[in-house]
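Shown below, as structure tokens, is a lone chain in the form predicted alone; questions about how it binds or moves come after it.
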């Protein structure tokens, strides 16, 4: 970036905003960095699904009386030149932005002219959109020996391939369900925007999301000549639905984000989150395995709930009671809005087993047609589900079974719930180092014996 005044010149790389500005190829410029005022503040907002980053930086500049020029070059970068803007942080009658122009025979350069009524200092903010930065989240989750509390350690890794390094940058991440691709496709199908403008519209809406500006978001729809009246109102509703679940997640503190590097930014850990341990046996989901879960909510009762949690990988372990930890699982978890449940799938637990048995089977109540052939009957089966708990504490377990045809239960020894036409569910507690047996008789009506 080059800053120039009427009697004095500062030159430097398109540093500031070359931020992500830069593509994987950094801007090369022969400059004296010492003459460039240091950045007062830098903020990057990264929206990874659209490969789009909003960069905001402020610098304190000293102006001479009269016209002063600030030059910015984006050569060899991924900056979107149409997004470049400059403004005075604190509007003053003594300083006025006059215009922006592009010097002849100078490629990839913009010059802003600022008029000063007096010599003095003012802070400016320059913003732009660029590509080349992305992020991912992962979490360490460590339970205590009794598995009653969890320690959660969030980490966010920022990958900077923008060609520019950022010192002391505040970082925000766009997280949540933002379905701009689907929304824009819907707008095109309805004829609200031209199909050939779909990519441009998605880009504009992506910018609006990061700026958190509903006005900008809706004004973006006006780019389509067909979007008028009722069509525009419909477009706004579609866009609202697409971004209703998004959130700007701010990472605590500031960090240096060096070009070409990935850097892990730890968020403050949360200790003693109350958790519930439960088990599920569901052949449709997990086959013949019993799956263990840690469950808690993203709310204040669980020392969370101030903001949604980005999707990411959970590395789950527990205290082994001997001064070490025991690895439990690596599981991918979706974005969790405020107030919603976490269910960390820890995989199969060999200490809890389920065995299915058929104790007796018979066919009865045969129905014959006039030719003496069987046309209907009832299948009867006495079945057992044995649950063995080899842990030293009582466990809650949910057991599901699925049946086809015209069926009913008889002589069940434990309360159950009929979830739908084909599903039965039990929720029970099994004592430590013990077993529980669910028994029932299954009646299945076949042929002419089936209900009509």
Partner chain sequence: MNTVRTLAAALALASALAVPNAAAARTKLVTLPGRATLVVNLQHPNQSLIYEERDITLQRGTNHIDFSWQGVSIDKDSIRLELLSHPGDGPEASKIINVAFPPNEPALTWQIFSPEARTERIRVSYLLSGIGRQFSYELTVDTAERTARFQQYFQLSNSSGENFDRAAFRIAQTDDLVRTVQSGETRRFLAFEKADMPVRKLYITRPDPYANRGEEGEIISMVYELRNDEAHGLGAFKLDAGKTRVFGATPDGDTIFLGENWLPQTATAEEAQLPLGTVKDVVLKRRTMDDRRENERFNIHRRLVAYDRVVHVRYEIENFKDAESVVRVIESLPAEAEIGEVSTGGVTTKRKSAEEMHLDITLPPRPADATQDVPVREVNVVYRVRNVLN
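Just so we're clear, the structure is a prediction, and the values are computed from it rather than from any experiment. Residue numbers count along the first chain shown, from 1. For clarity, a rigid core is taken as the largest C-alpha set superposing within 1.5 Å between two forms.
Although not depicted, the form predicted together with its partner chain is the subject of the following passage.
Student: Its partner chain isn't shown here, but in the predicted bound form which of 240, 87, 118, 330 has a heavy atom within 4.5 Å of it?
Tutor: Looking at the other structure, the residue within range turns out to be 330.
Student: So its partner chain isn't shown here. In the predicted bound form, which residue out of 359, 185, 100, 145 has a non-hydrogen atom within 4.5 Å of it?
Tutor: So the residue touching its partner chain in the predicted bound form, by this definition, is 359.
Student: So, a 4.5 angstroms cut-off on heavy atom distances: do all three of 153, 363 and 377 pass it with respect to its partner chain in the predicted bound form?
Tutor: Yes: each residue has a heavy atom within 4.5 Å of the partner.
Student: Residue-level question: is residue 255 within 4.5 Å of its partner chain in the predicted bound form, judged on heavy atoms?
Tutor: Yes.
Student: Please run the contact check for residue 93 against its partner chain in the predicted bound form: heavy atoms, 4.5 angstroms, yes or no?
Tutor: Taking the distances in the predicted bound form, the answer for residue 93 is no, it never comes within 4.5 Å of its partner chain.
Student: Give a yes/no on whether residue 108 approaches its partner chain to within 4.5 Å in the predicted bound form, heavy atoms considered.
Tutor: Output for residue 108 is no: heavy atoms all beyond 4.5 Å of its partner chain.
Student: Heavy atom to heavy atom, is residue 289 within 4.5 Å of its partner chain in the predicted bound form?
Tutor: Residue 289 lies outside the contact set for its partner chain.
Student: Taking 4.5 angstroms as the heavy atom distance cut-off, pick the stretch from 71 to 79, 108 to 116, 297 to 305, 137 to 145 that is near its partner chain in the predicted bound form.
Tutor: Residues of 137 to 145 come within 4.5 Å of the partner.
Student: Heavy atom within 4.5 Å of its partner chain in the predicted bound form: which residues of 256 to 270 meet that condition, in order?
Tutor: The stretch touches the partner through 259, 260, 261, 262, 263, 264, 265, 266, 269.
Student: For residue 161, is the CA shift between the shown form and the other one at least 2 Å following rigid-core superposition?
Tutor: Comparing forms between the shown form and the other one, the residue 161 CA shifts at least 2 Å.
Student: After fitting the rigid core, is the C-alpha of residue 331 off by 2 Å or more between the shown form and the other one?
Tutor: Not so; residue 331 is displaced by less than 2 Å.
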